[in-house]
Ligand code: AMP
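Here we start with a single chain on its own, the form predicted alone, put down as structure tokens.
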């Protein structure tokens, strides 16, 4: 049986390993395909594709776009787009600038809370210009202010918490259009983070299908068996492709393991074929 992991991150966004290393780790784990889905950034796709050819593992061009949604957190995964598409790159550049403008403000909020932290410290942990909230969490852990990533987000970095800073996001329909415009396929990531009832989720996704949504991440480490069964029913009703992934961040997310897509395991290569053939 072939297994695929369609949700992973590298140092191009907030993962702890570079794209090449993530692909090699996926190959060593026995996966047949991997999607690199860095946040609002496709800068690692070319390196991942090259390493995939060398390692004998299929690498799916991917991205995870943060979209505006008031009730909860909305992330849209994109697959099989053209990484050289100029319009997609321009729109993603806008999101990256929004992230860059937010990060120093997070550091300032933490300082105003009496925490001894500088943005330079966070940049040093990130090791690049691509700084994300997990890097802030790592510094807070290193200083003994929090015991783990969960506490860092629950107390300081999560949405509406003490040091949270909002940023510009596209609307979901704009994210779908960005992905489709580059020849790609749009999938909703970890649907539980929308904070909707099953009835509300089904109604919302029915609208999103009309706007171009093709799939939903059903298999995910934080999804229970019961949640998976519910999401499967919704996906089947709406004709959505049932995808899955580990949301691998390396050392920047606790319990993050490539190929761990939750209690049902990761999907098979058939899902990759469905995504590639999606109209």
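Numbering follows the first chain given and starts at 1. A quick note: this is a predicted structure, and the numbers were derived from the prediction, not measured.
The same protein has a further form, the form predicted together with this ligand, not shown here; the description that follows concerns it.
Among the candidate residues 119, 81, 208, 153, which is the single one with a non-hydrogen atom no more than 4.5 Å from this ligand in the model of the complex?
Exactly one listed residue reaches within 4.5 Å, namely 153.
Pick from 109, 143, 161, 102: which has a non-hydrogen atom within 4.5 Å of this ligand in the model of the complex?
None of the other options qualify; the answer is 102.
If you check in the model of the complex, do 132, 149 and 167 all have a non-hydrogen atom within 4.5 Å of this ligand?
Yes, each of 132, 149 and 167 comes within 4.5 Å of this ligand in the model of the complex.
Given that the partner is absent here, does residue 242 sit within 4.5 Å of this ligand in the model of the complex, heavy atoms only?
Residue 242: no, not in contact with this ligand in the model of the complex.
Can any non-hydrogen atom of residue 249 be found within 4.5 angstroms of this ligand in the model of the complex?
Yes, residue 249 lies within 4.5 Å of this ligand in the model of the complex.
With the cut-off set at 4.5 Å between non-hydrogen atoms, does residue 223 touch this ligand in the model of the complex?
Output for residue 223 is no: heavy atoms all beyond 4.5 Å of this ligand.
Residue 214: heavy atom within 4.5 Å of this ligand in the model of the complex?
No, residue 214 sits far enough from this ligand in the model of the complex that none of its heavy atoms falls within 4.5 Å.
Choose from 132-140, 81-89, 179-187, 198-206 the stretch whose residues reach within 4.5 Å of this ligand in the model of the complex, heavy atoms counted.
It is the stretch 132-140.
In sequence order, which positions of 49-81 have a non-hydrogen atom within 4.5 Å of this ligand in the model of the complex?
Result: 75 alone.
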